[in-house]
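Listed next as structure tokens is one chain, alone, in the form predicted alone.
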Amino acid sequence: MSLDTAAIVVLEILNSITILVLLALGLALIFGMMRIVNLAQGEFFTAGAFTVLTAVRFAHLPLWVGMLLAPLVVAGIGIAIERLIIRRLYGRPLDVMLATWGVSLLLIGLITVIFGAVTQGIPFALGNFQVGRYSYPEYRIVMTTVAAGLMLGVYVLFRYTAFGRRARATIANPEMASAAGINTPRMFMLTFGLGAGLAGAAGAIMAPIVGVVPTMGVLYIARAFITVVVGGPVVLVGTLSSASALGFIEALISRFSLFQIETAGHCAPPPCAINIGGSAFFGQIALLIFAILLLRLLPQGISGFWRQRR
């Protein structure tokens, strides 16, 4: 394997990890911390993508403005759902699953009625950069940078701020937190809204590279849940570790078959393009199998295993 080919493979592994982090970060708060099985999380992702689509195509705003609006809009949707539905169902996990499934179907229906059932694309101006003979999209590097910033921001928020301390206290022991003067309903609302907003941000960030369609959330929700569950009880660190392991496996299985690495005798003059269509399906199957095996060996997830060792 040549050096430029190896560099492209490393970049694709990093891209797979980035996508899993983006998908799982909001769910890590709602499911990992709050223990709410939110089956509408994929539709929060979809709502973020359609917010960007609306901002760019219909409001004629710059792409970055739409991306900033998306988490705010979806956080508002999440807060409304928490206030109207979820707040009455805490401690009733099966009822929450049924309710959020209904919300998921409702959001898909509303988005389909408004925008139609067609797949739409969002244009953006960034091009490619050269890696030896190959060209690689600059936007994927931007995605990785933004994902790292979001992960760091959420960690700092919950680790070092008064809001984070109150939120963690509320989730750990609502009765004790309430007795200490914390407005626990408000903290649940804001935490759920933050998780929804992060899903909206993920949808906005990924919208330029995927087809925007009302059912797109269904394609990503399973990978988000797998990443959070494999991560274990230490939510953020576990999610990052899980995304790194699963993204590495997914990339190794799928990305080698996605690339058409040509020999010097068969490749057109540089730069050689990368074929990114084909058998990503096998990478996702490998991710699922690896996750099952990992949970069989580490029932508490990756971070749960670290905690036991300590």
Partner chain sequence: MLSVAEIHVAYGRTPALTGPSLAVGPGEIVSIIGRNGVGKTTLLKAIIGLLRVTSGTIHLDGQDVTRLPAYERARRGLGYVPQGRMIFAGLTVEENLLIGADLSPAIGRALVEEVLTEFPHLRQRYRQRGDTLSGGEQQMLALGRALAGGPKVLLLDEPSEGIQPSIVEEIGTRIASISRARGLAIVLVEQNIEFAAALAQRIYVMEKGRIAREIPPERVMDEDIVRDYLAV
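Since we're looking at a predicted model, the values are computed, not measured. Numbering follows the first chain given and starts at 1.
One more form of this protein should be noted, the form predicted together with its partner chain, which is absent from this view; the next part is about it.
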Q. Of the residues 113, 176, 94, 84, which one places a heavy atom within 4.5 Å of its partner chain in the predicted complex?
A. 176
Q) With the cut-off set at 4.5 Å between non-hydrogen atoms, does residue 108 touch its partner chain in the predicted complex? A) no
(Q) So in the predicted complex, is its partner chain close enough to residue 72 to count as touching (4.5 Å, heavy atoms)? (A) no
Q) Taking heavy atoms and a 4.5 Å cut-off, does residue 88 contact its partner chain in the predicted complex? A) no
(Q) Can you tell me if residue 100 lies within 4.5 angstroms of its partner chain in the predicted complex, counting non-hydrogen atoms only? (A) no
Q: From the candidate stretches 73 to 81, 192 to 200, 100 to 108, 163 to 171, select the single one in contact with its partner chain in the predicted complex, where contact means a heavy atom within 4.5 Å.
A: 163 to 171
**Q.** Neighbours of its partner chain in the predicted complex among 43 to 67 [non-hydrogen atom within 4.5 angstroms]
**A.** none
